[in-house]
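Okay, here we've got a single chain as structure tokens, the form predicted alone, with questions on binding and movement later.
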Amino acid sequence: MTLVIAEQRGGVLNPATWETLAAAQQMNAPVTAAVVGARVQDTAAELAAADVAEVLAVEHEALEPYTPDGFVAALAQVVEATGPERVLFPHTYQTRDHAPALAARLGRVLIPDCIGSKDRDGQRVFVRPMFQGKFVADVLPEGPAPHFASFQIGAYRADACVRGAAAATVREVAVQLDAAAIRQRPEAPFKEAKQAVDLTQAERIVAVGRGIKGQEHLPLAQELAKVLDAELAASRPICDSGWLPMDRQIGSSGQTVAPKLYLAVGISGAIQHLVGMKGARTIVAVNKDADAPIFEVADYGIVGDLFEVVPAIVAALDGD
């Protein structure tokens, strides 16, 4: 059995959970989903729409707000009670906070940031990038089950998660927690600035690279993003130069995204950038260099000067 740990905050399910469920469904084993928090019945009912054996609703007042201490204590009991072959998480900031501690408490291996898995002689092998995406490694976990793994956002499509013919059973799971043993006292989630954006939730993204040449040309990309109702993002050189804030950076040292549309403007396509956006459903690239690596992953490519192409796209979308 594969146990998927769903992620929710304030009763809202993180969309990356559906991607991890899609990954689990391809492992040829029954799938169980678990959601943890103080009041998770609505979220559990939402998860029950997936083709899973059952959904575990793990509720306790000490689990709200989130703390790694609380989650590790609760999930350790769930894993020991259910005895799964593997435990999967979406690779989010919250997962990075508590999953290593959970695996360590149970004396098990954790393989983070996976992009796929495959069966090899009856054993499940996990695929993950290495050295900032320069290589891809097949990792065979050793030691007794369960093995823990997290899946990179965008590695699987959320709409690839198979829905069940009928709602799965939701089962409440009681856990024993000592609120006094939870050491952390979390404050409100950190926000860098009011304009800070979570690009992982964006459906459309316009990203700019060094081809934009100068900060004074950014309004061109901003106008394109506006007509597309998209978020504006950038490759690392743009953010390093201070032309856009660091929360707009996409790549191995920035955010990993999987929007429905990713429009890359003046981006050559270095591997460090590609690992952050290759999960996009549709990739459109605009670059005057016909040999730019970005065209290798693009669904549609426009070879041309962005200072001519982008205004033409804006005019067409505006109906002018």
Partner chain sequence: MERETLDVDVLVVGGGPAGLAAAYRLARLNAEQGGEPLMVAVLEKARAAGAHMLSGAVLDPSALTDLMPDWKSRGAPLDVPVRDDRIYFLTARRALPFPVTPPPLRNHGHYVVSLNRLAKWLAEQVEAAGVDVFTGFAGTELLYEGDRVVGVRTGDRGLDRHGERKGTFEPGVDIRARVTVLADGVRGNLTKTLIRRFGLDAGRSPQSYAIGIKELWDVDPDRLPAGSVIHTMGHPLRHEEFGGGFIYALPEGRLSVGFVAGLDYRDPLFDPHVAFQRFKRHPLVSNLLAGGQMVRYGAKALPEGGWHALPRCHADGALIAGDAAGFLNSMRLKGIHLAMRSGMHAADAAFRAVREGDVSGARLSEYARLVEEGPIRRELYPVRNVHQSFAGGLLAGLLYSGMSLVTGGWWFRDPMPSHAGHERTRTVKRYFGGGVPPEPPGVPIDRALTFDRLTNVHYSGTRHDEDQPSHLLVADTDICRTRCIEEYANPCTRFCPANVYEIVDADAGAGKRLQINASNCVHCKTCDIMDPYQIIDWVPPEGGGGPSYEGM
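Quick caveat: nothing in here was measured; it's all calculated off a predicted structure. Definition used throughout: the rigid core is the maximal C-alpha set that superposes within 1.5 Å between two forms. Positions refer to the first chain, counted from 1.
Omitted here: the form predicted in complex with the partner chain. The next part is about that form.
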Candidate stretches 290-298, 258-266, 59-67, 44-52, one within 4.5 Å of the partner chain in the predicted bound form by heavy atom: 290-298
Contact label in the predicted bound form: Val125 to the partner chain, heavy atom within 4.5 Å: no
Contact flag, Asp240 vs the partner chain in the predicted bound form, heavy atom cut 4.5 Å: yes
4.5 Å heavy atom contact, Ile271 to the partner chain in the predicted bound form: yes
Contact test in the predicted bound form: Val275 vs the partner chain, heavy atoms, 4.5 Å: yes
Position in contact with the partner chain when the complex is considered in the predicted bound form, options His98, Arg86, Arg236, Arg108, heavy atoms within 4.5 Å: Arg236
Option touching the partner chain, based on a heavy atom within 4.5 Å in the predicted bound form, out of Arg163, Arg157, Arg210, Lys226: Arg210
Residues of stretch 250-265 in contact with the partner chain in the predicted bound form (4.5 Å, non-hydrogen atom): Ser252, Ser253
Rigid core superposition, Ala33 Cα moves 2 angstroms or more between the shown form and the other one: no
Core-aligned CA displacement of Ala57 at least 2 Å between the shown form and the other one: no
Rigid core fit then Pro68 CA moved by 2 Å or more between the shown form and the other one: no
